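One chain comes next, on its own, written out as structure tokens in the form predicted on its own.
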């Protein structure tokens, strides 16, 4: 069995030890194999696209501005992405080094990018008329990318969805909510939700990932009972037994109720745990402060910030799902396109330090201003230099562990020898080694050293 399987298996066995209730039966070996491709690929594209793209000011615009259904209808009536070419999106993702993609089949606004039998509030009833999701699936599969669907548990358009604290018509008191929801029946919406999940998991072939979003238990909130999450997840597992599902249906204490956790818009300090055990994880991040297209948003991350997000996630055993918010005409924002191109240029030469990599063994100390990733299949360690050192780079405690060193981007040897320089103390600690680097930093945002380790 491959080196990585035992690592995955150990994590998943820990995960199963605290799961008491079960959605379905699956051995730990089967689960490890089901998740292996995803933990090898490490880098994916998130796509938030819907009628809110026409507003051009965040996908939560209906809630933020408390827009009525009648006023919001103009975005549906004018949705006609005439420049939509999902093949271009797929090529952009692939060239950036991404291996999979997840798109919003329906976001909180309730508008579906697919041709659903259960609503008129769908893309095929807009001026565009075509099933945009079907076109997307075909294009991304053609480029060899695995595909996933985001589906919003929340729905601000459905007439039976009960108003809660995240709804555009949210209130302040229980009395107000009772009045607002007097003629709404959440059980009708639960059936609608299940019917649409059946559609997206039946009509588009094999789906690799399902993102359900999201539960918010507590006062004026919703939890697994409101969604009927147990029954819903049983449907998911039956229709797509190999699918990978996130953890936002409020089924954390069910085996089979989730596969990975999803820290959003922040960097985790260490590999996430649940009840003290390491778990599979993926952070979802934006280039700027919005998921949907936001014309006037200017807090965009630079290339180094984005690369550090990716590298640091992998260094802690996780994945990065990086979001784009296409415009109302169906194009990728030029700022996102530029960022993807820059990341792709780096990944072209350094992807080996990302794919199939994970957290480094504890026996390797992390040098200052660096991040480590490790490939357990090849037994190679990668040092990502966030600040480029001046000639001498000492690795503390690495004596006897390294048989060869090179730059990853061009496979040029890095000599392992005593520190250079007349005024440099020549002796090293008996457990340390020194790498002699060229004075000039190679022309990369972040330089990577590849260490071939002794068995």
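What you see is a predicted model; the values in this text were computed from it and never measured. Numbering follows the first chain given and starts at 1.
As for the form predicted together with alpha-D-glucopyranose, it is not shown, yet the points below apply to it.
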query: Can any non-hydrogen atom of residue 121 be found within 4.5 angstroms of alpha-D-glucopyranose in the model of the complex?
result: no
message: Quick check on residue 31: any heavy atom within 4.5 Å of alpha-D-glucopyranose in the model of the complex?
response: no
message: At 4.5 Å between heavy atoms, is residue 194 in contact with alpha-D-glucopyranose in the model of the complex?
response: no
task: Using a 4.5 Å heavy atom cut-off, state whether residue 108 contacts alpha-D-glucopyranose in the model of the complex.
output: yes
query: Pick from 212 to 220, 301 to 309, 76 to 84, 136 to 144: which stretch has a heavy atom within 4.5 Å of alpha-D-glucopyranose in the model of the complex?
result: 212 to 220
task: Identify which of 225, 238, 275, 264 has a heavy atom within 4.5 Å of alpha-D-glucopyranose in the model of the complex; exactly one of them does.
output: 264
message: Just to be sure I understand the contacts: of 346, 150, 374, 287, which is the one whose heavy atoms reach within 4.5 angstroms of alpha-D-glucopyranose in the model of the complex?
response: 150
task: Would you give me the residues of 312 to 348 that have any heavy atom within 4.5 Å of alpha-D-glucopyranose in the model of the complex, in order from first to last?
output: none
